[in-house]
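Only one chain comes next, encoded as structure tokens, the form predicted on its own.
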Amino acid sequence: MLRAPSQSPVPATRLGRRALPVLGLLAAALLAAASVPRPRLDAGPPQTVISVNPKMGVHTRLTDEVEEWKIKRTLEMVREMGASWVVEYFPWAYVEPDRPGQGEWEHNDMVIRHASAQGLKVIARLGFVPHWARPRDTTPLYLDANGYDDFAEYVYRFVARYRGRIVGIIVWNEPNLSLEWGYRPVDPAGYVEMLRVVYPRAKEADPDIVVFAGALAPTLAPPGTEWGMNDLVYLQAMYDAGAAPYFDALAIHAYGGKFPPDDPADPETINFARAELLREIMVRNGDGHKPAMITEGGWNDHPRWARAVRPGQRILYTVRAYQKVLEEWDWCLAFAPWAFRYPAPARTYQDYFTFVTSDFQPKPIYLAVQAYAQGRSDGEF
């Protein structure tokens, strides 16, 4: 989740008249936050929630949540908030830690089972390499061409196991960053080769699975920078390397920084509307028929982090972003901001991306989004 260098804040007034009714949601959420009871462990099935926005999603973080009741409660609260999509990480090394086909599926099974029980559409992010599939002294984010067939076999087994219970898979994460590409120079052609090997195995397991590529970090990295590549440049390089036949949809990371969601797209700016520039590249390369999805994104309201916004702005911007995706971006399947909840507090600015605390206390943003999902607003934006 790379962030752009600090940029000048944009006043909330830039949102215009569409933002004003959200202030009612904000006030109600702030008042309600103090009186929300702790969830009971013996609570029955959640009430059915029908959202006014079928494109509402959220990026959960259950990878390292070990207690089943917490997995269950997290996904209940996601549905109660009004979201119908979740993005979740399923690391390869957790399932096959010591050998190919090892099959440590128990945790994945729990997550998928409870997501299905809530009627949630699951997009599964796949990656994180076991030691046996990579060279010695490399990180779990390192995978070269010698390991692509092994990764494709894991993808096949994953997709076949959860056929009909997941909507799509994301192949890798932020490959335009050196860190995420295994602390080595990024390589769009190498990533396309990974897609070329993985894509047919995923389709063999389930012809209906949606294979997402990209998940690129939004960055303004200048040419030649050792730690990454501008996401717009990288996506075009993917097309130049022949990526088009090997993915069905583009995963987009859309972080807003200090800018509201209606701030216009600009190649020299990291903001929410940067997603439109990635979409334009898809269209220019003949992929306008393919959808995209924002599988990470949003705003942060840490009181001292340079790239954060105020809590009230975060609520306004997030609700408006959900609405923008629904009403203006017909090419976008859903918006799944980072991140619903962490199993344990990060004790950093990362905690200020979440919607609920680690002990399941709803934050004001959760309550405001829930009110929006249920149509409880003072009118149109």
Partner chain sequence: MPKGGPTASFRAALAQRRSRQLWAVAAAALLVVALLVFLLWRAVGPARDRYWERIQRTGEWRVAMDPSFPPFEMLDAEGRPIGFDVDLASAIAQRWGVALRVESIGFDGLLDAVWAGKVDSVVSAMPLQPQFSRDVAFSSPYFEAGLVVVLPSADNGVAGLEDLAGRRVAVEWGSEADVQARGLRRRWPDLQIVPKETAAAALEAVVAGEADAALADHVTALQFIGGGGQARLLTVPEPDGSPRLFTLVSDPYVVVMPKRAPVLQAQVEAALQALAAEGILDALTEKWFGVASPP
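Numbering follows the first chain given and starts at 1. From a predicted model like this one, the values you see are computed outputs, not experimental measurements.
The discussion below concerns the form predicted in complex with its partner chain, not included here.
Can you tell me whether Trp227 touches its partner chain? I mean in the model of the complex, with a 4.5 angstroms heavy atom cut-off.
Result yes; Trp227 sits at the interface with its partner chain in the model of the complex.
Is Arg307 close enough to its partner chain in the model of the complex to count, meaning some heavy atom within 4.5 Å?
Heavy-atom contact with its partner chain at 4.5 Å: present for Arg307.
Taking 4.5 angstroms as the cut-off for heavy atoms, does Asp301 touch its partner chain in the model of the complex?
Asp301: contacts its partner chain in the model of the complex.
With the partner left out of view, is Ile315 within 4.5 angstroms of its partner chain in the model of the complex by any non-hydrogen atom?
Result yes; Ile315 sits at the interface with its partner chain in the model of the complex.
Could you check which residue among Tyr239, Tyr94, Tyr183, Trp132 gets a heavy atom within 4.5 Å of its partner chain in the model of the complex?
Checking each option against its partner chain in the model of the complex, the one that comes within 4.5 Å is Tyr183.
If you check Thr139, Gln102, Thr269, Ser116 against its partner chain in the model of the complex, which one has a heavy atom within 4.5 Å?
Here the answer is residue option Thr139.
Residues in which of 242-250, 219-227, 287-295, 151-159 have heavy atoms within 4.5 Å of its partner chain in the model of the complex?
The contacting stretch here is 219-227.
When its partner chain is placed as it is in the model of the complex, are Leu179, Arg347 and Leu367 each within 4.5 Å of it, taking any non-hydrogen atom of the residue?
Yes, each of Leu179, Arg347 and Leu367 comes within 4.5 Å of its partner chain in the model of the complex.
With the partner left out here, which residues of 350-366 have a non-hydrogen atom within 4.5 Å of its partner chain in the model of the complex?
Stretch hits, in order: Gln350, Tyr352, Thr357, Gln361, Lys363, Pro364.
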